[in-house]
Ligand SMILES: Cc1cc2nc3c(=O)[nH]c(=O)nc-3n(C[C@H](O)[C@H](O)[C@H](O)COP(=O)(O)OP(=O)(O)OC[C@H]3O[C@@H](n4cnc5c(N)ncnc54)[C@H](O)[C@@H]3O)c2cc1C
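One chain comes next, on its own, written out as structure tokens in the form predicted alone.
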Amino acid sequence: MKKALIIGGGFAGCAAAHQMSQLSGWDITLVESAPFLGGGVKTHWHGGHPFTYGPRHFLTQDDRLFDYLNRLVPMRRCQEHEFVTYIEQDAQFYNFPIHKDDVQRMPECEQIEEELEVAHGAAAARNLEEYWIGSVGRTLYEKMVKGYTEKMWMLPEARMLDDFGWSPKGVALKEGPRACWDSAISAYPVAPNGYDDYFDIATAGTKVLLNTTITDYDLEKKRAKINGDWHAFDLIISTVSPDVLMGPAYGELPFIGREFLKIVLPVEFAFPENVYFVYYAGGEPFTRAVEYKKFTGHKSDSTFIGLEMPSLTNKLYPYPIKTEIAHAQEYFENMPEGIVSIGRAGSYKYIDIDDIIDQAMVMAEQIKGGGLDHPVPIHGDWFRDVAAEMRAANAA
């Protein structure tokens, strides 16, 4: 019987546990420092309302990943989901993605229309700023995107973001229906406790150690010190940042976090129909407000709003900056054999639940095929390349 250690019991750790449990011959241990599984995706309750720390709706363009999760945790689709952004200088709410019809309501509509006519496209964009100016012109960029981005990432210049394929919500300038997700599935669990049942299902065949911290590692020998004792493993699957796993050998990797303010209001709904998020692009200390009932389907005479404020006190979002991604790559290139690094923190990539499930599936396929003898650690871009190859092979 081979032994595997999973570090972290968030969504990535639980997804890894579920995929590993379906392979024969593995004894699996998962270590989580919190008193619960699920990390930021776990459902909490406030004033009788269910919520997660951040709106953890499930987004994917891959039916296979939706079907996997839907079989285990029945999902409710929310394709009508809309975003709006508040622009203080206009005292107006506009749709995001930026909607062409909203331009006519803007004070600078003539200037914006002229800039849209000459927008040269974003094929050669080197950073987020060039992408948006090339797509919609400078006025819309500065009104809708620049200030919000700098606030969200706590950066002096939005142009510092140069790995930005995730940025637009489908398109830069939208026409027609205002729903955000035309080409992707948007869904949320039906159960009041959200994804929590998945974490239990996924770890049913795993030894789970909650309230437990690994105090030391010997990665060359695939050993970890747990509760004062050294334990050896055949495989270590890490969902923590590689600089935490390996010690800051190549310097600390930067992350941005969030503070979360909980508000209950004495109305059944606060936002307009179909609006789930309200973004704030100005000088407000918060980046967005989320009305959780729109996702959860919770029934109540009151409503629950979560306000998110950028913070450096926790690590939630790796920076989409090429120099920092290259910085993380130093860790990956120097990881010993038998160490797998997955998840948003583990990959140092701004990925979501569907990507994390895909990573766990690809990892399991590689283990089944003996791929862990490969000298390159499995992480980040490697996953995307292998997953693409697997999907192409399955389609053929």
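What you are looking at is a predicted structure, and each value in this text was computed from that prediction instead of being measured. Just count from 1 along the sequence shown to find any residue number.
Not pictured, yet referred to below: the form predicted in complex with the named molecule.
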remark   = Only one of 328-336, 63-71, 24-32, 43-51 sits within 4.5 Å of the named molecule in the model of the complex by heavy atom distance, namely 24-32
query = Is the gap between T323 and the named molecule in the model of the complex 4.5 Å or less for some heavy atom pair?
reply = no
query = Is there a heavy atom of V340 lying 4.5 Å or less from a heavy atom of the named molecule in the model of the complex?
reply = no
query = Can you check whether I351 is within 4.5 Å of the named molecule in the model of the complex, heavy atom basis?
reply = yes
inquiry  = I'd like to know if T212 sits close to the named molecule in the model of the complex, meaning any non-hydrogen atom pair within 4.5 angstroms.
reply    = yes
remark   = Only hit among A270, V240, L235, A125 for heavy atom within 4.5 Å of the named molecule in the model of the complex is V240
query = Which residues within 172-205 place at least one heavy atom within 4.5 Å of the named molecule in the model of the complex?
reply = none
